[in-house]
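Take a look at this single chain, the form predicted on its own, given in structure tokens.
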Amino acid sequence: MDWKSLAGYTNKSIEKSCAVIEKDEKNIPGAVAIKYFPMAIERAEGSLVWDADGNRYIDFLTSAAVYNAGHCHPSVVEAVRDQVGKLQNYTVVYFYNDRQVRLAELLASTTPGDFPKKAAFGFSGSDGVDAAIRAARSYTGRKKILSFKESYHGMTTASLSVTGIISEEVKRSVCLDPNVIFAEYPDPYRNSWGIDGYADPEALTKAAMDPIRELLEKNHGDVAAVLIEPAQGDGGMIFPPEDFMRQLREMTAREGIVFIDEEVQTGMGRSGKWWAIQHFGIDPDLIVSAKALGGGMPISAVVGRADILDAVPVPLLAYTHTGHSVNCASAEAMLKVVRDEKLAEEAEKKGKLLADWFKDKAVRYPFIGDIRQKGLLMGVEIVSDKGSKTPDKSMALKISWAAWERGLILITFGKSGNVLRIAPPLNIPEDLLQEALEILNASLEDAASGRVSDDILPYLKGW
């Protein structure tokens, strides 16, 4: 794509970024990316990011919900520097290292459930999901995994097989697993049953649970695990009715099915609690964490029931760099920052402020269709008509573009690519949060008044 032609649609200097983009497109496969704006990130600190041209941005994406404590948090940076100067890593497949032990102990103390726990480590949410599936199948001796339509669980072959947002055509060609079955996630705003789940959560819960019971009956005795996001992230930040999650947990416990809580995007304080599953008052068997866990370093964890993780045959949870010393040091520092700086409480307070702000704006802008939020897990659905709830991806992209032009990183996601993804650092300072709201206010007006040209839409891939 000729990104340089975008110079005609913005007053920003983007020449240096476009030079990087030109080389990127020459050397990097397109499948790596879902690009939005012509910006090459050069440095970041706290809640701010600068591109190669020196343009400054407030970060409402945090590298896809990675920097819950902001970029380059001093405690995380210090931990990484200290560890990399002593020992980068030595494989724990053959020997021992206290770094992964310390991290496992700390993680176990944050997770719900009064039972013996262990933790296994990898490098991304994708391999964390893989490991959890491996553990469930090893423990139960069963093969099938129940996942949900419009879910997102990763890009390795196994995690892609349980991802519901990828087309069936793609799955058939590259990641077909005949042992995955899908159910509909109970979206209170828009679902196939035509139920208003906000007004009648009981009816939505029943409508969602009935086909799940039928699926389990049809596959009786062969379902190893239910894999679920407590808020369906890339589906558009969808929160199910509380009773749905409780009934699902009761069913898995009765049937001896492993309940896997996939918290790659939702954990580490972002929801206003350590783990989003805690909003439902249930204890999962396994929790998968990544993204924010490493404070910017690549690490994943599967933490939960020791008997389930111990069922995996040796060495099927081993990688050469499992429990990588530097990554574990960074993650340990990050966990302490979340705990000591009370970032879950910060997320709860700031998330309510943002949700109230958008509710107020929804009176003025009828394209704001739904506002979904727990803590700073947040999605704002953009529609062309509130009655029909018709998704309006173009308007959502225009709002994002206007925000980028004014200095705010804001992108879209969701089943139809029409949901604004609100994910600032949990510790974003009040002055920057207010500045971001001023930018958002102007961006909504820019898009609503037609000041954002349709001509920019082909440049914004998005979900």
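Quick note: we count residues from 1 along the sequence shown, nothing fancier. What you are looking at is a predicted structure, and each value in this text was computed from that prediction instead of being measured.
There is another form of this protein, the form predicted together with a small molecule, and it is not shown here; the text below is about that form.
*Asks:* Give a yes or no on whether each residue among 126, 229 and 265 has a heavy atom within 4.5 Å of the small molecule in the predicted complex.
*Replies:* Yes, because 126, 229 and 265 each have a heavy atom that approaches the small molecule to within 4.5 Å in the predicted complex.
*Asks:* Could you confirm whether residue 197 comes within 4.5 Å of the small molecule in the predicted complex, counting heavy atoms only?
*Replies:* Although the small molecule is absent here, residue 197 would stay clear of it in the predicted complex, with no heavy atoms inside 4.5 Å.
*Asks:* Although the partner isn't part of this model, could you tell me whether residue 152 comes within 4.5 Å of the small molecule in the predicted complex, counting any heavy atom of the residue?
*Replies:* Yes, residue 152 is a contact residue.
*Asks:* At 4.5 Å between heavy atoms, is residue 234 in contact with the small molecule in the predicted complex?
*Replies:* Residue 234 belongs to the contact set for the small molecule.
*Asks:* Give a yes or no for residue 270: in the predicted complex, does one of its heavy atoms lie within 4.5 Å of a heavy atom belonging to the small molecule?
*Replies:* No - in the predicted complex, heavy atoms of residue 270 and the small molecule never come within 4.5 Å of each other.
*Asks:* Just to confirm the contact call: exactly one of 308-316, 118-126, 364-372, 136-144 touches the small molecule in the predicted complex at a 4.5 Å heavy atom cutoff, so which is it?
*Replies:* Answer to the contact question: 118-126.
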